[in-house]
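Shown here is one chain on its own, the form predicted alone, set out as C-alpha cells.
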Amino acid sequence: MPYPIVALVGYTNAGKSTLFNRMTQASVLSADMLFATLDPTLRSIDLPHGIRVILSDTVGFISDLPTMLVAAFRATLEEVIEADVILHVRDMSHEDTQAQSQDVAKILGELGIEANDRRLIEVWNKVDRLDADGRAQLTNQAERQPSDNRPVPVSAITGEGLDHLTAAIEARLGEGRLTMDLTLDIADGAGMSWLYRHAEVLSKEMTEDGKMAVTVRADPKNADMVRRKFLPPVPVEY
C-alpha cells in the first residue's frame, strides 16, 4: 500500500472509536460496550504537512479474552501487525489504566509487537475528565519521558491535543521513509501511475525544459524499487 497505515489499539472503552471519528470526521459506532467495533474500520486522512495515511480502528482489548472470540479478535488485528504507526489509546481517567495498559501490552507482545517498538505512540486520552491537578500531574508525567518516545495527552471529545498527536505521527513516519527527487518525461503517464501505486507523491511540477519534476516518499523496500525504475545506476569506479 503506498500510504502509511496508522492503527489505533487500546483497551475497550479507551475512546479509540471516538478518536477515530474526531480525526476522520467520520460517523463510526462509538459505544460504551464490549466489541463495539469488531471489524477494523479504515479511512484515509491528510496530516497537516500533506502526508496521506490510512487510519485503522480495531476492536477494543479486554483481559482474559473468551476462547470463542479469540479467532475473530485476532483476525481484526492484521492491520496492526503491518502498520507503520501504532497508536495505543489509553483512558487516563480510569482507575485501572495501568492494568489495562499491561493487558494491551501483553496482547501486542503476542503479536510480536514489543514495548520498545518504534512504531508505538501512547495516546493518553480523556484528559477532559481530569481536574486541574490531575491534568498538571499527567502533563508533568508525559514531559518527563524521552522526547522521541513521549506520550501525547489528548481529548477525543474536545479535540484537545490532536495537533500534537498528528505532529507525533508525522515525526514517527519520517523516521523510516525516504524522500527522492525524480525527473520524468511529461508523456510518461504509466510512470506517474506506477509512482502513485508504490510511493507517496509529495509534489510534481513542470520544469523549464518540459520535464516533470516529482518528489516522492516511500518505505525502504519501495524506495529501492523507485531507484531501480527511475534513477540511473551509479557508475562503479575501478
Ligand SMILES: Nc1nc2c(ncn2[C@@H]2O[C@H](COP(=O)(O)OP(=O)(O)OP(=O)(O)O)[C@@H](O)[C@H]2O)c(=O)[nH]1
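The numbering used is simple: start at 1 and walk along the sequence shown. Computed from a predicted model, the values in this text were never measured in an experiment.
The form predicted in complex with the named molecule exists for this protein as well; it is not shown, and the discussion that follows is about that form.
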**Contact assignment for the named molecule in the model of the complex, among 157, 105, 142, 111, heavy atom within 4.5 Å** = 157
**Item:** Answer range among 80-88, 124-132, 143-151, 96-104 for contact with the named molecule, defined in the model of the complex as heavy atoms within 4.5 Å
**Value:** 124-132
**Message:** Taking the named molecule as it sits in the model of the complex, is residue 182 in contact with it (heavy atom to heavy atom, 4.5 Å or less)?
**Reply:** no
**the named molecule contact in the model of the complex: residue 195, any heavy atom under 4.5 Å** = no
**Item:** in the model of the complex, residue 222 touching the named molecule (heavy atom, 4.5 Å)
**Value:** no
**Request:** Mark residue 59 yes when one of its heavy atoms lies within 4.5 Å of a heavy atom of the named molecule in the model of the complex, and no otherwise.
**Result:** yes
